[in-house]
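Read the single chain below, which is given as structure tokens and is the form predicted on its own.
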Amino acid sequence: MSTADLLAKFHKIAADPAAQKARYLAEGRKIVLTAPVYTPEEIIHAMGLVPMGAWGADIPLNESKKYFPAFICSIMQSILELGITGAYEGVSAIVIPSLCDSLKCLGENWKYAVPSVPFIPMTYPQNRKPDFGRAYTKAGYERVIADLEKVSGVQFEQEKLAESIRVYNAHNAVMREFAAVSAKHPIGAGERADVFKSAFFVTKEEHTALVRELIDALRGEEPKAAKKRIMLTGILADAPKLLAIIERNGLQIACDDVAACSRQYRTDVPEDMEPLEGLAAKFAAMDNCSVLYDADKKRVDKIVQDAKAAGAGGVIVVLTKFCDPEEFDCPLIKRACEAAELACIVVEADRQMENYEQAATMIEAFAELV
């Protein structure tokens, strides 16, 4: 397929997850929803189930407001809204991690608001690096396995988890490669987002093959004229109107620190360890994320280092409204960027935004500084 055809395919998958859900159910496969972030998809995959991302949607929020206050992340609100209104009917369960207060609330509300879809908690430790932290993480995975066995009727096998870990490590590698290649062979911000977003809605084997084909197609083309290079950071950055503004101002995403994009793929599972131990080791090794405990805030320095290494002239912080972990990091990121002579702006976004005119004005001025 040509680059244009491949990008159109990624867009179709990203824009219509319901169609992917219907396809898998029609094939007789069982689907387990995975809420953000760092849900142990490898375990779900190893049991022959289809992990499918649940990151919410740009929809009106009505029913979920009966369970959540107004001042909570709209990603969580829209996930619950989709659950209440039946968008997830037919799936076997949802796994929700405990990495922020809003996620904890989502899990507790889900039990009562969406009883037709079983809620499986994944409880992570804050102190994930010491031996006791790894043991706690492993115990959390074992609980997820037991709950999945109950809802699916499928028996977990360590050997199959080892196979799934190899599949996921291969997908991590191809996504890291795509991020690097797309920066050298510029594609639009919206097209880039489609590649990352589509990964949540198809199996990793399917997605790896498609991304590999896209990388080969991009490498076979002449690079386009260079644009001004920037870095994105945040939890979610897939709003079409926002991405269109970035493109309209001649800005190229050279790299990102977005939880729904590159943050997912930085760390592999060691393949020379017992599989569950390896998964726990992966979580222990993960760093540089707002929802992972880090007293030294090393993430801030990494953003500057990555931006400089990618030749970015500035950083756009896409701040999900009411996301406390990201809000705490914002002043530190801005200060670090200023010290490194990188332009930096904070653009607030949520699932309910229709008008991005204020963001357009900010990005237009930002583009002059990059």
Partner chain sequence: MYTLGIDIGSTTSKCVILEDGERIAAKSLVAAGTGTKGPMEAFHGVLSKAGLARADISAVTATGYGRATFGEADGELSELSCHGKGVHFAEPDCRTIIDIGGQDAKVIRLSDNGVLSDFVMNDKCAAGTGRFLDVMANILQLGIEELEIYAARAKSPVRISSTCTVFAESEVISQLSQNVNIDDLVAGICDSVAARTAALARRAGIKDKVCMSGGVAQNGGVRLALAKELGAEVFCVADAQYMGALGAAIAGYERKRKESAFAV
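Residue numbers count along the first chain shown, from 1. Keep in mind that what you see is a predicted model, and the values were worked out from it rather than measured.
The form predicted together with the partner chain is left out here; the points below concern that form.
Q: Can you pick the stretch from 40-48, 55-63, 330-338, 297-305 whose heavy atoms fall within 4.5 Å of the partner chain in the model of the complex?
A: Heavy atoms within 4.5 Å of the partner chain in the model of the complex occur in 330-338.
Q: Would you check, heavy atoms only and a 4.5 Å threshold, whether E357 touches the partner chain in the model of the complex?
A: Taking the distances in the model of the complex, the answer for E357 is yes, it comes within 4.5 Å of the partner chain.
Q: For D5, is any heavy atom within 4.5 Å of the partner chain in the model of the complex, or not?
A: D5 lies outside the contact set for the partner chain.
Q: Please tell me whether any heavy atom belonging to T361 falls inside 4.5 Å of a heavy atom of the partner chain, as the geometry stands in the model of the complex.
A: Because a heavy atom of T361 falls inside 4.5 Å of the partner chain in the model of the complex, the answer is yes.
Q: Can you tell me if E348 lies within 4.5 angstroms of the partner chain in the model of the complex, counting non-hydrogen atoms only?
A: Result yes; E348 sits at the interface with the partner chain in the model of the complex.
Q: Taking the partner chain in the model of the complex, would I79, W110 and V114 all count as contacting it (heavy atom within 4.5 Å)?
A: The answer is no; none of I79, W110 and V114 reaches the partner chain.
Q: With the partner chain left out of view, choose which of C323, V318, A35, C344 has a non-hydrogen atom within 4.5 angstroms of it in the model of the complex.
A: Contact check passes for C344.
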